[in-house]
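Below you'll find only one chain, the form predicted alone, shown as structure tokens.
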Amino acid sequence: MHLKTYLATAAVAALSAGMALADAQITFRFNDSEREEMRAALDEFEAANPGITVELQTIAWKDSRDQFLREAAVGQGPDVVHIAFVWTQEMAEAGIVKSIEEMTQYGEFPNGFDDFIATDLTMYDGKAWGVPWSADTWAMVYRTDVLAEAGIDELPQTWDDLLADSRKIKEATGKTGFSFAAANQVWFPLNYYLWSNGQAIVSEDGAGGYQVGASAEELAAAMDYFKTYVDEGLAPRSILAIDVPHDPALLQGLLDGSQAMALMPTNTYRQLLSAYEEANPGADVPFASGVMMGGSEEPKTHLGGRTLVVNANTEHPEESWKLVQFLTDAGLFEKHYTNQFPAQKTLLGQIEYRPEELGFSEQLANNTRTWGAYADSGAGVGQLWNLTSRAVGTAMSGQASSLDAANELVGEVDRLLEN
């Protein structure tokens, strides 16, 4: 090829590449409730990257995993996808996301990939396949004025303390002590109760495999603990139908002072604080947060969070990676995604927590664990979650005894683990 012809061909190729980069339209699928805030963030991204436009898709968490698996399996789906920490390995195994090793050719993170937390949950076949985006966990939330009204001057340290305080609050004030979402998301408090007592739904068996990490009797005792709140009228029976901690029926009791204690994730607590301040401008905030209760061992909650992955089918990998880098920048969490904590060690260390949030800070820093064996066993966290919540529901509603429900759960989990 003559030099003139080569240069002309190269110029056309470069122009085409530039046009492709400049005219790219990509899609970001987002599962949380902050749609307006995220759209504002994407507008900012588009302004900084002329020619790249981003369509924002939203979907409910309960549908997001299966929807992306179906789409990506046939070469479709959004370019950048918001998923849960514990879905990353499954999606890597299915071959529907790009590895971080491949994507960093388009740019590195300012503090390196090792600055992100929970990167072990992104690993499959020796590579990372997602970028941890936000970190969260659950902790306890208290109406300090209701505790004072009942003569309680110390936060409960154990599950037994929590039950005793709930009884005291009912007797002294007629109000609800501790209440919780007892339907689908009872999964979380049940696991926290088990973990704080050295038990688990799934644990390693010491021989390279996995097993149910609690006996049927231990599982039944955990179910009975939470059932006590309904049986004794310490919490309304209506909680049996409540799926999520941000249900207005739960939050209203905390807002109006008819309930003293609850457990919830970080973003729900920040929504609660905002709602109270909006309804009571200038008033002191009567809330405090604290670490989850312990049992025979130290309190533990899950290290949860959200991950960003790039669809293996994307036609715009470079533009998609630019978006991932923008979404993990400190500015996003400071200006737009303010209900979440960034999943980066450097940024977590820079957060200025409100006094009311210090329990969440302590929980996240020192009292969390990953799902570990739950995810590594291959049983699927989603399946374990659904089976456990259903078993607890049948026990709490009286459809079956706690021991019968626990025995059935053990059998179903054993089958998932192929024991």
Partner chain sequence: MKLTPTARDRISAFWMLLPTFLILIGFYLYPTLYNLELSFTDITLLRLRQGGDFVGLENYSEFLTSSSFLDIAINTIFWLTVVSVVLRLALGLVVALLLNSKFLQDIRMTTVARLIILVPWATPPVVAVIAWRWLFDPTHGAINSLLLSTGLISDPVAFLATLTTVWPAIITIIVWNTTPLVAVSLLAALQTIPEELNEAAAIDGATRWQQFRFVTLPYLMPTISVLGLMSVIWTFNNFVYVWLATGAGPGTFTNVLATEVYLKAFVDLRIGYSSAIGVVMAVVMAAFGALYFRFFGLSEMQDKVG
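Numbering follows the first chain given and starts at 1. Owing to the predicted nature of the structure, the values given are computational and were not obtained by experimental measurement.
Keep in mind the form predicted in complex with the partner chain is missing from the figure; the text below concerns it.
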Using 4.5 Å between non-hydrogen atoms, is Thr104 touching the partner chain in the predicted complex? no
4.5 Å heavy atom contact, Gly398 to the partner chain in the predicted complex: yes
Taking the partner chain as it sits in the predicted complex, is Leu69 near enough to touch it, meaning that at least one heavy atom pair lies within 4.5 angstroms? yes
Does Gly51 make contact with the partner chain in the predicted complex, using a 4.5 Å heavy atom cut-off? no
Determine which one of 357-365, 24-32, 379-387, 43-51 lies within 4.5 Å of the partner chain in the predicted complex, judging by heavy atom distances; exactly one does. 379-387
Please state whether every one of the three residues Asp63, Leu240 and Gln252 places a non-hydrogen atom within 4.5 angstroms of the partner chain in the predicted complex. yes
I need to confirm a contact call. Of Gly349, Gly95, Gly233, Gly331, which residue comes within 4.5 Å of the partner chain in the predicted complex, counting heavy atoms only? Gly95
Work out which of Asn313, Thr158, Thr119, Asn197 lies within 4.5 Å of the partner chain in the predicted complex, going by heavy atoms. Asn313
Mind listing which residues of 35-53 have a heavy atom within 4.5 Å of the partner chain in the predicted complex? none
